[in-house]
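Next up: a single chain in C-alpha cells, the form predicted on its own.
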Amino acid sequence: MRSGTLKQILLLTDGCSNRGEDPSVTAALAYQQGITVNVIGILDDDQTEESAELKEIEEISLSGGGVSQIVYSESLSQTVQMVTKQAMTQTLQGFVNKELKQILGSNQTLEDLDPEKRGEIMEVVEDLGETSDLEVLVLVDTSASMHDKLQTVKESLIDLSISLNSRIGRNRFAIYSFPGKRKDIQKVFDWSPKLDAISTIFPKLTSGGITPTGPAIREAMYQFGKKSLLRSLKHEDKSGLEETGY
C-alpha cells in the first residue's frame, strides 16, 4: 500500500488576513488538489486563545483538511513538529479509510473495525508515515506584527528539519513569505531536503505591510505544480540529449 507523496502547506501567522480572497476558500482549493493546509497561530503575550482574529485559523485548517494550533512563541518549535506529524497521520488515515471502503464497502471506516484489526491498520499508517515522501511548503506571515517572532520561527523550522531527518521517506522543504515585495508571496528558500541553510536567509527577511493570506495560499499551491513541471522538463531534456548522442 503506497500513498505517494504527502503534500503540506504549513502556514505560520499571528492574525487575520486583511486583503484578497477568503483564505478558507483557497485552502479548500488546495485540499482538492491533494495539498493539506495546516495553520499555526502565534499569539502575543497579551493575547488569549479566544482572540477573535485567530478564529480564522481554525476555519483555514478545516477547509484545508489539516490541523491547527494556537500557541505562544515559546511553544512554537514543538508545535511545528507536532502539527506536521499529526497532519501526516491524519492524511494517511484518510487514505487508508478510502482503501478500506473499496475493500469492505462504503459504510466501513477504521473506527468500525475490532481493536485488533484497527491496531494492525494503525501499524500500516505508522509505517507509511515513516516511508512516504513528504513535501512541506512553509508559508510565513511577515506582516509588521510578526517582526519579533521571526527568530523563533527560524529556530522552529530548523528543529522540524532535524526531527524529520530520521524518516526513511524523502523530505523536501520550501519556504515562502508573504506579503512579497511585488507579488503576494516571495520565495525565501527553494525546495531542498534540509533546512540547515535558512540561518543565513532569515536575517534578510523584512516585516511590514498587509496580510493577504488567501492569495498567499493560492500562490503557494501553485509552487508544487511548478516543481513537478520543472522536474519533467529536465527529464525530457536529458532524454533528448541521450537520443541525440550528446
Partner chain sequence: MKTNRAWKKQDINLRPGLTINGKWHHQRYIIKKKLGEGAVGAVYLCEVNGKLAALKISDKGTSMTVEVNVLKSLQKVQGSRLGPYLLDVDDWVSPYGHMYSFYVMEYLKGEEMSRFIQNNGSAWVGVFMLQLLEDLGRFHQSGWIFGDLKLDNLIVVSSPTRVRFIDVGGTTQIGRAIKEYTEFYDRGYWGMGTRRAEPSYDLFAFVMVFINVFYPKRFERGGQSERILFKRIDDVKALIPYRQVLKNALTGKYLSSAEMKQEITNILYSTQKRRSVRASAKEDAHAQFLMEAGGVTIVAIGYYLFSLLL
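Residue numbers count along the first chain shown, from 1. Please read these numbers as outputs of a predicted model, since none were measured by experiment.
Although it is not shown, the form predicted in complex with its partner chain is what the next lines describe.
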Site check 83, 112 and 130: each within 4.5 Å of its partner chain in the predicted bound form by heavy atom | yes
Option from 22 to 30, 57 to 65, 179 to 187, 215 to 223 whose residues, in the predicted bound form, bring a heavy atom within 4.5 Å of its partner chain | 57 to 65
Consider residue 148 of the chain shown here, and say whether it contacts its partner chain in the predicted bound form, taking contact as heavy atoms within 4.5 Å.
-> no
Contact flag, residue 211 vs its partner chain in the predicted bound form, heavy atom cut 4.5 Å | no
Classify residue 167 as contacting or not contacting its partner chain in the predicted bound form by the rule of any non-hydrogen atom within 4.5 angstroms, answering yes or no.
-> yes
Spell out, yes or no, whether the shortest heavy atom distance between residue 77 and its partner chain in the predicted bound form is within 4.5 Å.
-> yes
